[in-house]
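Next up: a single chain in structure tokens, the form predicted alone.
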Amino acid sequence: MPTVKLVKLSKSYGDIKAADNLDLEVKDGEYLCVLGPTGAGKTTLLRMISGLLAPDKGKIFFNGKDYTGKEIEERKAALLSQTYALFPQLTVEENILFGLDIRGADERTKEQVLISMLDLVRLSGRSDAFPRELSGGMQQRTALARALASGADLLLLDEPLRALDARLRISLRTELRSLAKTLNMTAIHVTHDQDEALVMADRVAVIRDGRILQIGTPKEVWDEPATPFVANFVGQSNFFTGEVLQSSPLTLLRTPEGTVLKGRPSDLPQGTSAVLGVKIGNTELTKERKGYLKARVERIIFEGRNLHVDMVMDSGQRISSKVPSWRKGKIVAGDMVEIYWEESKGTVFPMPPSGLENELKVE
């Protein structure tokens, strides 16, 4: 199981920086999810690690050894793309054994590998089927078995669940992680789906414009976002701007309208322009008690377990909340509601140099 370390990795396509002095370390046997929007540099990152793409600058280390200029076959890394890239004219068995056939493996080795791989991905009864005869989930598992049969130590997954329907995606999240753990493989899985990353990863690395903004456990990235972008990309947040009145034992932020909001402690000096972010699931609505803010309900969207509530304040700022579905009918469009949150749920950030609107933009 290799450790993977990327040091000051850079790759540009004209004026576009797909990797911008990127640093990342993946631990031995870790399942790391790289999470970011389209165009953040996720696929470029995987292709450089696999050897399909050479970086403009920087180094790639496997187990402490420099592999930056090594050939693909020397890296023992299997890249599983979102299209699966199965050979349509080959059966499941032939697809799985393709790498071993190329390397000239003996029949006994191929038989042992085939049996173990088919059993592992639960396709023992479909070895003679062609890809067109398989469901999306079976095709995904065939591609995974082919990657694993190659003898790879490092599994690189490029949005492998993207093409599947929602129900199958949820089912295969657990399977994919379980397989990697069973085989003691190091896995790097890139995705734009925050739910996928939070469920599957040991750690999540949030990437934007070729840079890693934050890396940590799913709970750390969710509860303690490093930037407003992370706070909004990993779970939607409401944001309020203002001036810091105090930063300890809790932060007090005065908005332009004069309202004082509370958040967890920060290290921002008094008088600093700042942003307070609160996950929409942590904002509570009431008509019975006074909150920090008041807003009028614009619309309510039923989401099954929750109701998504969109509101507008007198200042014109729009905010959102989620409330349990049992409150359906108790809050309706047109109601004036009070909004509050636990102080520990408010994260305070310095005002981004480019402004809050640019910081939150997903291109």
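Counting begins at 1, following the sequence as shown. Worth saying up front: this structure is predicted, and the values here are computed from it rather than measured.
Beyond the structure shown, there is the form predicted in complex with ligand ATP, which is absent from this document and is the topic of what follows.
Comparing 317-325, 66-74, 43-51, 330-338 against ligand ATP in the predicted bound form, the single stretch with non-hydrogen atoms within 4.5 angstroms of it is 43-51. A heavy atom within 4.5 Å of ligand ATP in the predicted bound form is found for one listed residue only; from E94, E159, E196, D153, this is E159.
Put simply, L9 is far from ligand ATP in the predicted bound form: not one heavy atom of it is within 4.5 Å. When ligand ATP is considered in the predicted bound form, A18 lines it closely, a heavy atom lying within 4.5 Å. With a 4.5 Å cutoff on heavy atoms, G29 does not count as touching ligand ATP in the predicted bound form; it lies far away.
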